[in-house]
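Form predicted on its own, single chain, as C-alpha cells, below.
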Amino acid sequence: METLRTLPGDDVRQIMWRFADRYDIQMTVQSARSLARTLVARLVAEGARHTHEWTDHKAQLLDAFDSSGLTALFMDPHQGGFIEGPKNLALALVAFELAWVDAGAATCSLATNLALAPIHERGTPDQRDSYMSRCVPPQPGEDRTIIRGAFALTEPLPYVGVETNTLVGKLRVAEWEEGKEPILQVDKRGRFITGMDFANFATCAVDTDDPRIKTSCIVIVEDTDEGLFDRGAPTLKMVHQLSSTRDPVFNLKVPASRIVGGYTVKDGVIVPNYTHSEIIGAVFHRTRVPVALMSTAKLLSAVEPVIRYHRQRFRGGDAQPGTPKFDLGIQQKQDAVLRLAEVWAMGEAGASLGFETARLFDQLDPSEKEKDRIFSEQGIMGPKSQLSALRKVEKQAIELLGLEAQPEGQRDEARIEALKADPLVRYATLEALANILCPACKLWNTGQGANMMREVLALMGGYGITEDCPGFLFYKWTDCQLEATYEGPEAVQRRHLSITMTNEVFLARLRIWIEEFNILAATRPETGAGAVAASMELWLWTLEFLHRAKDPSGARLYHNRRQNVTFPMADALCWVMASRAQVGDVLELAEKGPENPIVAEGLEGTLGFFADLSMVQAARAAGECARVCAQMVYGFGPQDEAELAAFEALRAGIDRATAGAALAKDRAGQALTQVMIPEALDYPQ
C-alpha cells in the first residue's frame, strides 16, 4: 500500500493552508524561512539565548528583518509595504516559520507590529500613515532612520496579566491654553514589555486621572518627548531570550493628538474616541493567532529531528548498514513511532485551526471596517451600542447560514444574495465564528501544545535532553510555557469562549457542521469526520442540558461565575474545533492535490497518511470531549433518568465513531519508519 514517501513540502502546505495562489505570501514565507534557518539558528547555536540582556549579537536580527522585508510586511504599499489588503495569514505564516527555529526571534519580529496594531486598528488616518511609514526601511533617496515600537499594556503587580480593565497608567492635562491643543501628562510603568531595548515609541494604555479627560485610552509616547522615557530594567526571563523585554517607566508630556483614534472636546472635557479596552479588544482579536501558531510550529518542527535521533542515536555500536537495527534504530519499537504520530497529529490539528483563523480574519477585516463606517454614519458608537445593534441582524445571519447549507438547486439564491449584500449580516456571521476560533486556537494550540512538547522531550534519551538534543527541542518546550501566557493567559481565553460559545449565530453554524460531517462520515470515514460529528453533537446537547439543569441546591449549572462548568466546556470545544479544521485541510488536499503535478506524484500515500493523522486526532478529541461532557452531566447530579439515557446514547455514538482509529495510528506509525528524511538537519545546531 502506498504510504508517505517524504516529509510534506511547500506544495502540499500551500494547498492545505490555502496560499497556493498567493505568490507574494509564498515569497514572504521563503524569506522568513531563510532567515530562521541561518541567522536565527546560528544565534541559538552560539548561545545568544544564555542571557536575557539585549546584546549586539541579538541586534543582528533587526537588520535581518529589515533586509528580508519582514519589517515592512505589516504595512500597506502606500506606507512602504508590499502586500495590499489584509495580512493576517501572511503574518501568521512568518511567525510559524521563525518559531520553527526559535519563538523568541518570532516575537522580536512581531514587536513593532504589536505596537502599531492599536494605531492600525483604531488610529486616525494621519496616525496610521505617519507611524507605519516611519517603521519601514528608507526607500532610495530617503534620509531617515527606521523607528521601532513597543506596546505597553501590562501593569505592575498585582495586576499583571490578570485584569486589563484595571489600569495604573494615568493621563492628566498638563497644559491647555485657550485655542490651543491640550498637552497631556502621561505617567506609565510597564512590565514585561517586548521590544523596549530598541523602541523609539510606545503605545501605552492609560486611565484618566483628570476630570477634564473622560475615559481611559491608548496614547502614543516617543523617546524625544519632554520628560522621562526610561527603558527600565531587563526582565529576568528564562524563555524567548532572543526577544527584548524590559520594565519601562514613562513620565512624559505629549500633545492630545497622540491619543489613538483621536478625541473630541465636549463641554470642556476631552473625550477619547476609543477607550483602551475597545482598542485592546480589536488588537488581541488578531494578534493571538500568530502566537498560537508559534507553539504549533514547535510540534511540527520536532518530527524530523526525533525521527533522525531515533534512527541514528539508537543504532548501537555493532549495527551494520542494511540491517533493521542500523536503518531504524529505536523505530523498531512500535511505541516510539506511535507516540511521535500523536505529536504530529496534534501539530497538524493546531496548524489547521490557526491558519483557518488567520484566513478568517483576512475576510473579517474589510467587513469590520464597513460595519464601523455604517455605525458611525448612524451614530452608533461604543461596544455596547454596537452589540445591541448587531443583535438585530442575528436572525438574518442565521437565515443566511441555513440557506447556504441547503443543496444547490434547492436554495433561494436571490434571498442569499440579498442577505450577503448586507454588510452587517456578513459581519455578524464572520464575527460569531472569529469569536470562537481566535480564543480556541490561542488556548488549545499553546496549552495542549506545551503538554505535547513534553511528550517530545520524553521521546529523547538522557543525552538527547541534556547534551545533543536536536532541533533545539528543549528550548522550544520551555518557550511554550510563555506562549500560553502571552496576550492573555489561559483563563482569559476560557472566559472569552464561555461568553461567545453561546452565541446563536455560532450555534446555528455548529448545527450545520453536524449535518455536514455526518454526511461526510458516510463518504470519507477515514478522515475521522464521524467522530467529529458525534463530538459536536454531544457537546451541543450537553450545553443545552447545562442551561436547563440545576444542581441539588437549585442553582443553575450554566452561569458566568460557575467556571467549573463554563471553562471545561470551553476546553472541550477547542479540541473539537481543531479536529474539525484538520478534516477540512485533508479534504482540501484531496480536492486540489491532483491539480499540482508535484503533489500529484505520491498523492495517494500523502493523503492516506494525513487522513490517518486526522482520524487519530479526531478519536483523541472525541475522547476529551466525551470526558468533559460526562463530568458535566453526572458531576452535578442527580439528574433526570430520561436525560441520562439520552446522554448515554450520544456518548455511545462517539465510541462507535472512533472505530478504526487504532488501525489508523498503526499505519501512521509504520509510515514514520519508511519516510525519507534529509541527510542533515534542515538548520545547523
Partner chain sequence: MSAGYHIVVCGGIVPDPLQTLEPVKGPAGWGLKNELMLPAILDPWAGHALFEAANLAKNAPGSKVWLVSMGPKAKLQQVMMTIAQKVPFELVVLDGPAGGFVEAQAVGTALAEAIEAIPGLDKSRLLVFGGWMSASRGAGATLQIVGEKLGIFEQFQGVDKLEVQSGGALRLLERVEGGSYQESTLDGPPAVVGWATGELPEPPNNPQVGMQNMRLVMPALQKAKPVKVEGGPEYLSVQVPSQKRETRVVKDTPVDEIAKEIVDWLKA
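Remember, it's a predicted structure, so these values are computed and weren't measured experimentally. Positions refer to the first chain, counted from 1.
One more form of this protein exists, namely the form predicted in complex with its partner chain; it is left out here, but the text below deals with it.
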item: Location of its partner chain contact in the predicted bound form, chosen stretch of 374-382, 349-357, 72-80, 396-404 [non-hydrogen atom, 4.5 Å]; value: 72-80
item: Option touching its partner chain, based on a heavy atom within 4.5 Å in the predicted bound form, out of 60, 631, 34, 639; value: 34
item: Of 597, 324, 552, 268, the one that lies within 4.5 Å of its partner chain in the predicted bound form (heavy atoms); value: 597
item: Any non-hydrogen atom of residue 649 within 4.5 angstroms of its partner chain in the predicted bound form; value: no
item: 4.5 angstroms heavy atom contact with its partner chain in the predicted bound form for residue 680; value: yes
item: is_contact(residue 30, its partner chain) in the predicted bound form, heavy atom dist at most 4.5 Å; value: yes
item: In the predicted bound form, residue 515 touching its partner chain (heavy atom, 4.5 Å); value: no
item: Stretch 1-29: residues contacting its partner chain in the predicted bound form, 4.5 Å heavy atom cut-off; value: 5, 6, 10, 11, 14, 23, 24, 26, 27, 28
